[in-house]
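The chain that follows stands alone, in the form predicted alone, written as structure tokens.
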């Protein structure tokens, strides 16, 4: 009886520190510096991509501050899903959980597509006529990282820490080598960004570029998924998340500077791996090899973190019976949500093998945007129901409610930018979430574990 009880109540292991939180957040996003962001250049030119980068940086700084306060207080697996469950209500929690799973699973599929593309590019450069079949490499990358996540979170995020640090260092070295700080400068911004090339589509192009400007930072909010597995949530989560945003802002700006100074906007706006292309244009074999490794490592780190985050959200929903309780199991030896990890693998493979890259990126961005739109409501209700003097917080974000208002306004702007280029996908995704909300309200909610709805030892909300 004692052994059975222990097995049933085994939980996730608290083994992570601030560096692992940083590696999870930056690891998921850094691939956005290696690919994807440059589609913003195609939408509005190089200057538009830079403005989109900085606007998105403001948006994600607000996201990081809000997340750091709420997650360091609601330190449980599921991240924003768990926050919504405690602060807003079950229907919002169900939708936010799906936003998270779709955002990370689509991003994982995009990363796997990039791995296959990169291997094919290297094979073509090496003289392999006709390229390689990318599908085996897509499947292998997802299966390997799923196995790594299955075996334990400490090994998973330590692996992420190492390869993310290498990928970030590669960007720094490329900037130093091509900007003239180390050796001869190769930048040619004046010629590449003069006249019509500066803003080829005017201010409308700047607005359209906001869509892919989010790709510089999309996924940093995934640090919240580690809340139940860090040793000190009040210290590790705010430090890792805010340090991650600063790291990404630096990497994004340097990436734009190097690529915009080496490639015309017409080519840069459609490049599959812009940093790798920049290294090739530098003429240095060392830089080309280094950025090839950096691209591969950034892609693997992102896919690895996405598997970690999507499985935690799916696991938390299963544990509370928002989904079948079978998904809420923890491996008795490895202390991981192994069933959630295994279940999401074929979904990622379907999209990675059957959907174009820009569509997969768009679905990930849309799910992320819906999640960010929820955050201002979440923090306003959190502060209203439990003011600062009622419960202890690990971190208190400043200037409230200004970050929430800024975030809400920028989300509205980003939705309009997405609508300009991908209106059909936006409408289809909103219709999908409305349909599953109706399904949850009229059918699934009867199975929800009502006793697990409120698990935090907080006083009664003010006004109730």
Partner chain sequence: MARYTPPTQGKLGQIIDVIVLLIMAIGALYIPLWMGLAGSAVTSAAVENPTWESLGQNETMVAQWEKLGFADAASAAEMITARFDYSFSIGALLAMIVVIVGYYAILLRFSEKEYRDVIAEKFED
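Everything quoted here is computed from the prediction, not taken from an experiment. Residue numbers count along the first chain shown, from 1.
Just so you know, the form predicted together with its partner chain exists too; it's not on screen, but the next bit is about it.
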Query raised in the report: Taking heavy atoms and a 4.5 Å cut-off, does residue 300 contact its partner chain in the model of the complex?
Result: no
Query raised in the report: Any chance residue 155 has a heavy atom within 4.5 Å of its partner chain in the model of the complex?
Result: no
Query raised in the report: Taking heavy atoms only, is residue 14 within 4.5 angstroms of its partner chain in the model of the complex?
Result: no
Report task. Mark residue 36 yes when one of its heavy atoms lies within 4.5 Å of a heavy atom of its partner chain in the model of the complex, and no otherwise. Result -> no
Query raised in the report: Which among 425-433, 395-403, 61-69, 46-54 is in contact with its partner chain in the model of the complex, heavy atoms within 4.5 angstroms?
Result: 425-433
Query raised in the report: Of the residues 123, 172, 191, 289, which one places a heavy atom within 4.5 Å of its partner chain in the model of the complex?
Result: 191
**Report entry** Contact residue in the model of the complex, from 99, 168, 315, 256 (heavy atom within 4.5 Å of its partner chain)
**Finding:** 99
Requested in this report: Could you list the residues in 330-360 that come within 4.5 Å of its partner chain in the model of the complex, counting only heavy atoms and keeping sequence order?
Outcome: 343, 347, 350, 351, 354, 355, 356, 359
